[in-house]
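Single chain ahead, by itself, as structure tokens, in the form predicted alone.
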């Protein structure tokens, strides 16, 4: 399957934190084609295992499959719905968005708000809070309640769109982009020799506390861990030092969350094989799966590679497909020589 087709399928599959079933089963099917084993655990973490020649060690590459969204909170008179947020949202982009409610059947709606003509003086300059927004499905209250109940997931009505220059935009690129890196890495490893067993893990509930990574890292007990996520891509108005450029390769994380010698080896490998990459400085442990993986059981030496992404946590998250392919090539090369690297660095 083409990379761009998998990106579209992954980003358009629903998978709010805590209800990742659809995207989990899609990923399991992909893993089944590319790995020796493919399973889903009781929390919907997806694990693909590609056996190495010696099975002398285990490397775990993790990318979270969950996405931000909402839950149906209450019903208002007239058939309107109030929402509760799951994960972090930018309230500036919510009014006017199309959404899908995943109830007994899918129900489409829009997020409504007071038009500027009817707002009080000065209100147009204010950001409307989620508490003041509602979903309008067009259904009356009785019909709506026959299809939808409190607690049902609500997601943006998402379409993955191809832009110019190899860019793609849509919701849930965070972190289906990282999931796609796992799949592209497996494609490359099919043609390479590697000694260690490679565990590819699509983790759940990262957006609400990196929970899936904690579960799976404890169970797998890898010798080395690799987190794949997204980082802030370049766009006007933000200093270059705070972003990574689209199209210039994945960003290798540097900071106390990441093993310095392994990180250095990863960057040396990129330079040796002329794989474009960037550096991302993270002085404090952030909100990625690397946080939970590092402290699982007796601890896991970590590295992290992130895909530059513009407009994070909106409906138009934008990336360059080249960065996914370059990150995958680097991680495949890294996995193929991990036995030697681990011996040199960690003994």
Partner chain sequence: MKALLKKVVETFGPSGREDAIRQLLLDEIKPYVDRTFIDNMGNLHAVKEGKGARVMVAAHMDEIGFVVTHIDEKGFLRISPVGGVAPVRCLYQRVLLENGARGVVGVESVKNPNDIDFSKLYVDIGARDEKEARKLAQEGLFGAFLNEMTEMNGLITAKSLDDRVGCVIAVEAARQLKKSPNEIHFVFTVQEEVGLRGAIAAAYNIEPDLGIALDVTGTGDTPDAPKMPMKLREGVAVKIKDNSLLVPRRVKDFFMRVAEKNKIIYQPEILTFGGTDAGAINLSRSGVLAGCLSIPTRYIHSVSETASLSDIEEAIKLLVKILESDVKKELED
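Numbering follows the first chain given and starts at 1. These figures come from a predicted structure and were not determined experimentally.
Below: the form predicted together with the partner chain, not depicted.
When the contact criterion is heavy atoms within 4.5 Å, does residue 82 count as touching the partner chain in the predicted complex? Output for residue 82 is yes: heavy atoms within 4.5 Å of the partner chain.
Residue 73: touches the partner chain in the predicted complex, heavy atom cutoff 4.5 angstroms: Judged by the heavy-atom cut-off of 4.5 Å, residue 73 is in contact with the partner chain in the predicted complex.
Taking any heavy atom pair closer than or equal to 4.5 Å as contact, tell me whether residue 127 reaches the partner chain in the predicted complex. No, residue 127 stays farther than 4.5 Å from the partner chain in the predicted complex.
Residue 223 within 4.5 Å of the partner chain in the predicted complex, heavy atoms: No, residue 223 sits far enough from the partner chain in the predicted complex that none of its heavy atoms falls within 4.5 Å.
The partner chain isn't shown here, but in the predicted complex, which of 146-154, 245-253, 162-170, 187-195 has heavy atoms within 4.5 Å of it? Partner-contacting stretch among the options: 146-154.
Of these, 215, 267, 139, 110, which has a heavy atom no more than 4.5 Å from the partner chain in the predicted complex? Only one option qualifies, and that one is 215.
Taking the partner chain in the predicted complex as the reference, which of 94, 183, 86, 99 has a non-hydrogen atom within 4.5 Å? Among 94, 183, 86, 99, a heavy atom within 4.5 Å of the partner chain in the predicted complex occurs only for 86.
Hey, which residues along 1-38 are within 4.5 angstroms of the partner chain in the predicted complex, non-hydrogen atoms only? 17, 18, 19, 21, in sequence order.
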